[in-house]
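Coming up is one lone chain in structure tokens, specifically the form predicted on its own.
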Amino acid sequence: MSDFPHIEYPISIPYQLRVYFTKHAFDVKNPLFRDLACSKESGNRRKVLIYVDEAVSQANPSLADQISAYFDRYSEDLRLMGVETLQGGESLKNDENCLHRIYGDIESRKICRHSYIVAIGGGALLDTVGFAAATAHRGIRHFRFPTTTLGQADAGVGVKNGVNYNRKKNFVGAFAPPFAVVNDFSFLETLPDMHLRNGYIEAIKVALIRDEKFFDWIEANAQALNRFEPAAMQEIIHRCAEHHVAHIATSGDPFEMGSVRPLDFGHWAAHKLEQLSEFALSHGEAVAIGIAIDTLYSEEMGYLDKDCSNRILSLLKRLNFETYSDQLERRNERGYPYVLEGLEEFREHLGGLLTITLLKRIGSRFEVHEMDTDVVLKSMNRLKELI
């Protein structure tokens, strides 16, 4: 033991987690981005490097010209250092060459901690560009422009960034809150139906664990949501994002130092199903199945009554989500479904203590630290019977 007393000081780092809602963010008449980038919190940050999802660029062929015109309009305040296109989708998070490319761009364009990096796209692009921004120069402020309902309602409004490694989802990553999130509803106008629907599942998830009245609203508006009516879609995105940000800001554990992750309800199976399908199953499709499994598990264990369970499964089907996949039948050399390995991988990702969120009733959740694999298998078999 040293004779010297130890040194200990608390460090408090304030963050402002901000999510804005707009349309046509790069219309020269819309000053939102300029105002945010030049706000008093920004200091003298003016250089901006932008990355756009290739699918977004193809669906919005005039976007690059709009961005260029926007920066010309506000040239006294902002300096555009380039608009780069990246192929989106989960393969982006598996490609380490993409990270090297972004780091190279940051170096060659003289992007520093007094600059901004902007990511415009789906969740995979936001994750990858956000991770590069969080690690280059030990952290560059970044903006997120989620372009899917899933990103605008959930994944894009959080503080996590990451890439995949060794076939494990988000194995390498960082907690780095964006300088701001801008949900531009105009990007949703060009999305295919599947990507429009995917965000609904995260809204159902957050309603199940936090807000029974929100679940009631989703039930009541299922037809409008299936028709992708803008008012209904904007409402579900706003309410889901509000819950997500509120949880991060008020849970006391924004960087997940503990083991409780209620916002990952249904995700232990979902992450494994994505891997098993080689990401042919979208995140939203996989989460729907994961929610169905954990709903029936909650019922089988006597935590959740059958009427609530039926309401949940019925809503998933009304919103055209499948609750079963052939990937659930794939088995390892011991004869167990591969998906059960998702429990161990979830435990490992949390850091040693398995913590699974389950339901007591709609709008009320609790945590367990083990799951009965026989009951999990029974729940999966029940889903197969309900096809």
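The structure displayed is predicted, hence computed values, not measured ones. Counting begins at 1, following the sequence as shown.
Although it is not shown, the form predicted together with a small molecule is what the next lines describe.
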Seminar exercise, completed: None of 170, 314, 251, 221 but one has a heavy atom within 4.5 Å of the small molecule in the predicted complex; the exception is 170
Problem set entry | Among the candidates 226, 190, 277, 310, the residue which, in the predicted complex, approaches the small molecule to within 4.5 Å (heavy atoms) | 190
Exercise. Does any heavy atom of residue 211 come within 4.5 Å of a heavy atom of the small molecule in the predicted complex?
Worked result: no
Exercise. How about residue 37: is it within 4.5 Å of the small molecule in the predicted complex, going by heavy atoms?
Worked result: no
Exercise. Quick one: does residue 160 come within 4.5 Å of the small molecule in the predicted complex, counting heavy atoms only?
Worked result: yes
Exercise. Looking in the predicted complex, any heavy atom of residue 124 within 4.5 Å of the small molecule?
Worked result: yes
Exercise. So which stretch, 77 to 85, 294 to 302, 229 to 237, 143 to 151, is the one near the small molecule in the predicted complex (non-hydrogen atoms, 4.5 Å)?
Worked result: 143 to 151
